[in-house]
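Below you'll find only one chain, the form predicted alone, shown as structure tokens.
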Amino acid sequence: MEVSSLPISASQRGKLISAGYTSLSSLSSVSSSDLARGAHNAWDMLHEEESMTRITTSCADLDNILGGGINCKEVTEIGGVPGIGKTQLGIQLAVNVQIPLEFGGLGGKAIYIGNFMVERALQIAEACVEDMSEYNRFLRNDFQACQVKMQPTDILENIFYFRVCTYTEQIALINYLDKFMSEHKDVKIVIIDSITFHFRQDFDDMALRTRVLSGLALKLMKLAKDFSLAVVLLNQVTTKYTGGSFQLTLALGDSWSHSCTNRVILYWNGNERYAYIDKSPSLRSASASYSVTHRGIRNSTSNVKRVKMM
């Protein structure tokens, strides 16, 4: 018997489907202990937050408003109009998470789901290695051995890419990540580019879509906490009628806006790109400019043009 036909509320059906339970047989092996949740005291939670590691964006101004970079153990949504640099930032993070500990990085690996450009990733990886070489040459000569080991091809080998073609594949993959992470504990970031596309194209029941997405968000939050990694969700924009006019807003509706720990909106201000902290429990609302260059995400310059990178 399928879960979709069970005599339960639509909300409960949505939660079961988003968790990967599509039939009664898939539910039969679940014990009550699997559903239990442990308690944590506030002092331990504070200590965990203070010791959180971050992944640099390679833009000092953007890192500054993010408190040092993208937080591990949290889900961060990054949205904006086409061409603003969402995928560029996603690829940059997939590369930067691999910066060795000796250079202030995490020395981890990345999972990239969706819209991935391998040629662009190679460009950014080459720039990352060059930056580390320059840092090593001028500031930290004692880390020469580490610099020699890190090559652009090594960086590409440490990015696990998954392609999904439908929302059902996306749900199945997110449910599989827990098992994958158990076998690849050195992964420190999961990037989904985009969380939106398949749910906007293929999903007709909007109420069920909202419930399924909420379930996926909870699963991604748990994944971030359990494996001490960053989850970055790239989102698209849509129009919303408010105040007598249509305005651009991030896709998936108001309910989705509460599903992530942090929300960063990318936008144009003239010919300059900006990032705005729209929502965060620990960061104040602030904006910072950035550039998309042939080397990746960098600090903004005065002669920025609207140039598409690949």
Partner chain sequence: MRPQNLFHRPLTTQKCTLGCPILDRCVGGGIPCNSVTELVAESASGKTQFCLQLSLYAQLPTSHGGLSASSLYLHTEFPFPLRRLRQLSATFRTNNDHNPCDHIFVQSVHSVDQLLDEMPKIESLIKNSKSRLPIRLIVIDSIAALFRSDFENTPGDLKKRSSLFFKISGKLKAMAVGFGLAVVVTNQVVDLIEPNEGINGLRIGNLGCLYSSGRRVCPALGLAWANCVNSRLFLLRNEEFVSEENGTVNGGGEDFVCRRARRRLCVVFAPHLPDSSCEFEITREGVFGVER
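Positions refer to the first chain, counted from 1. Keep in mind that what you see is a predicted model, and the values were worked out from it rather than measured.
The same protein also has a form predicted together with its partner chain, omitted here; what follows describes it.
Remark: residue 227 does not count among the residues lining its partner chain in the predicted complex, judged by a heavy atom distance of 4.5 Å or less.
Interface membership of residue 136, defined by any non-hydrogen atom within 4.5 Å of its partner chain in the predicted complex, is ruled out. Within 4.5 Å of some heavy atom of its partner chain in the predicted complex lies at least one heavy atom of residue 165. In the predicted complex, residue 211 stays away from its partner chain, with no heavy atom inside 4.5 Å. Annotation: in the predicted complex, residues 57, 103 and 185 none come within 4.5 Å of its partner chain through any heavy atom.
Just one listed stretch, out of 71-79, 214-222, 168-176, 128-136, contacts its partner chain in the predicted complex at the 4.5 Å heavy atom level, and that stretch is 168-176. In the predicted complex, the residues of 256-271 lying within 4.5 Å of its partner chain by at least one heavy atom are, in order, 268, 270, 271.
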